[in-house]
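Shown below, as structure tokens, is a lone chain in the form predicted alone; questions about how it binds or moves come after it.
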Amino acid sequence: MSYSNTVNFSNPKEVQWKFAEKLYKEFIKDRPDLPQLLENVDTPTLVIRKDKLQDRYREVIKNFDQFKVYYAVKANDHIEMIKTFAQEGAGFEIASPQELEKVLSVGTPPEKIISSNPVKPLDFIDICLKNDIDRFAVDSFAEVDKIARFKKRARIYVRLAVPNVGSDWPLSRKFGVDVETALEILDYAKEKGLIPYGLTFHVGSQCNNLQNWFVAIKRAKELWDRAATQKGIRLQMLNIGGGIPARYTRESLSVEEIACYIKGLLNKYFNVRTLELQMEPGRGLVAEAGLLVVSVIGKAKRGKENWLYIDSGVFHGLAEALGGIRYSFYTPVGNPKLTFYTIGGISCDSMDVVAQNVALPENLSVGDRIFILTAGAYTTVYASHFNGFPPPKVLLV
């Protein structure tokens, strides 16, 4: 019987609980050893299933068969995850010398490394060029000047600003430029002796709105044509960034749905066989492969609110909760009586509140374990040692 046929959708606690249960059962599927392992690891620990990383990557390259896939290392830079993707044949998108060092350590050749952060430190540009990595995103004239000072024929791709409507983590304010400015930046890069190589955009992390890709690709085509007709610049590459969503507390667009839509748009607007296509998924590759195991360290009643405190928090792995990401929480106890909790983090900072209105068993006690689903992306990479508490451990299984 399917999930939708077993849930009373008029009961918000049950809806939330059943979806969390679904994600948990999918996480442990075909691994009878996992329930016991999850009950015995130290907390907090981020448990990553290597086979789920592999399966997701293979799903992406199957559906985006015309694309070169560069894993966005910022989503989770654990060396074993990088090694797993390298063994699968992935490329990597990096933004720092530290990320570059990890990617190179697993034997990644320069032609499989790009950098799409439009604002880069000079030392990072230098070390990239010294390692024959020469493809950089830009969205300002100042960035072109920074790269040009190294007197090497680096390849430049400009970042367009596109709508992020419907994305849980918008990225359009900090980065990206309009078509007119992008055109001038490409021409400026050519004047400076760099190679105007292509263009890129990002529809926003955790994007569930196909319209964003429609506007982005249509806008990219306008820039592509104007570069050729007005500036004599023949671009070679289109990079569609990331944006593939994961399932947190609800279903999301599938890889297949997004790929079919994007390939249809490319056929309509570009239809260029020599076009090099790139993408750089991060969250979409790793989020659902991870489960964060935490323990209850406190329980309280404050006014009408039931509070649970856990040994992680927004400073120790769950920072995205501050920006709107809402996780599913689960503990395998059969058919419990549910209540809504506010989840507090381990630190003494009042800002350290992970979530509100979380449906969990009423009888949870100090010492009990909670599993936070879809935790493979932007968790440990965001974690700090604030208040003296360490980041979660990471275990690949």
Ligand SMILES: Cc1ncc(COP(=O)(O)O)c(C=O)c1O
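Just so we're clear, the structure is a prediction, and the values are computed from it rather than from any experiment. For every residue, the number given is its place in the sequence shown, counted from 1.
Not pictured, yet referred to below: the form predicted in complex with the ligand.
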property	result
Triple contact flag R159, G242 and G282 to the ligand in the model of the complex, non-hydrogen atom at 4.5 angstroms	yes
Interface stretch in the model of the complex with the ligand - options 217 to 225, 103 to 111, 72 to 80, 182 to 190, non-hydrogen atom within 4.5 Å	72 to 80
Close approach of T84 to the ligand in the model of the complex, 4.5 Å, heavy atom	no
Contact label in the model of the complex: H316 to the ligand, heavy atom within 4.5 Å	no
Contact of W17 with the ligand in the model of the complex (heavy atom, 4.5 Å)	no
Residue contact check: Y24 to the ligand in the model of the complex, 4.5 Å heavy atom	no
Listed residue that, although the ligand is not shown, lies within 4.5 Å of it in the model of the complex (heavy atoms), from N212, Q278, S116, S252	S116
Sequence-ordered residues of 90 to 114 touching the ligand in the model of the complex, heavy atom within 4.5 Å	E93
